[in-house]
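Below you will find one chain, with nothing else, as structure tokens; this is the form predicted alone, and questions on how it binds or moves follow later.
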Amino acid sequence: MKKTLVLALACGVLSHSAVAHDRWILPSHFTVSAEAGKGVWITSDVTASNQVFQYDKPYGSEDVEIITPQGKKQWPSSSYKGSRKSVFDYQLVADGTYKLQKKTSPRYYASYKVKGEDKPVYSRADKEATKAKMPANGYDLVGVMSFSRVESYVTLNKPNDTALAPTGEYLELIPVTHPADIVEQDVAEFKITYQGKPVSGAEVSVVKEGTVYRNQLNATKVTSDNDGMVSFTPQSAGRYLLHVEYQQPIKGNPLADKVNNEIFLTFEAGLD
């Protein structure tokens, strides 16, 4: 995805360059088979980049969570952080679908203006904390709560749905079409929720790998309907990066006036 596709905070708390990189987990296998009880090792790259699946900035992999087919939470067996990417290894043992996820804790930011000055002042603190240190001639104080998820799914032998279950917290992208069943020329469906409720009007962009080798991004853009549903059709087999973003004013929260949430999902469309 190009920088123009990545959303800066609504109030301009972070500069565009600070949030312009896509983030992704790219597993070595999305679906893999093995004899019962033998298991399979996979490795995954974790990075932030301006080109889809091109290594740019390392994005730590040591805190990646792995939700097993039984719904238990595990972590990588080993991880490494280099100069352009991070890598982690994990052994798939039980049959079923695993969720690989890296999520941030909610973070708060704020901005305000000062009389007589042209540029706003940015603060990496919540609205209340920023207000306490804001000068007397400050005004137009706006707070934002930011949250993001970076996700992928891997299936060993037979897929199941346990790791796909939503938590009801913040922005979530819930597979309706199982990730192991996404194939070229077939419709893939997802549901977008915020705090467990369907989100309408969320913007989704889907980009196939190989952007460095073509002049056009060729992004598929869709918007969630009133039920939070989005659907799209991968035109050819390969690996894709999906980005969903959501902004919304919030009421009754003294720490923020708006939310800015986003999700990056890596998936594979198989051959028909």
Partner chain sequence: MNKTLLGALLCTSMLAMPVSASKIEIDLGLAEITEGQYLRPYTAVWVEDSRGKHVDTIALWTWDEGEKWLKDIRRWWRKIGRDEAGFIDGVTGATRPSGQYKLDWDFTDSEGKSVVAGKYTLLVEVVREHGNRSLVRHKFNHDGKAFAVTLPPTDETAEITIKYQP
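What you see is a predicted model; the values in this text were computed from it and never measured. Positions refer to the first chain, counted from 1.
Only in words, not in the display: the form predicted together with its partner chain, which the text now covers.
At a distance of at most 4.5 angstroms from its partner chain in the model of the complex, all three residues 29, 158 and 180 contribute at least one non-hydrogen atom.
The single contact residue among 226, 215, 33, 223, judged by any heavy atom lying within 4.5 Å of its partner chain in the model of the complex, is 33.
Only one of 85-93, 150-158, 111-119, 70-78 places residue heavy atoms within 4.5 angstroms of its partner chain in the model of the complex, namely 150-158.
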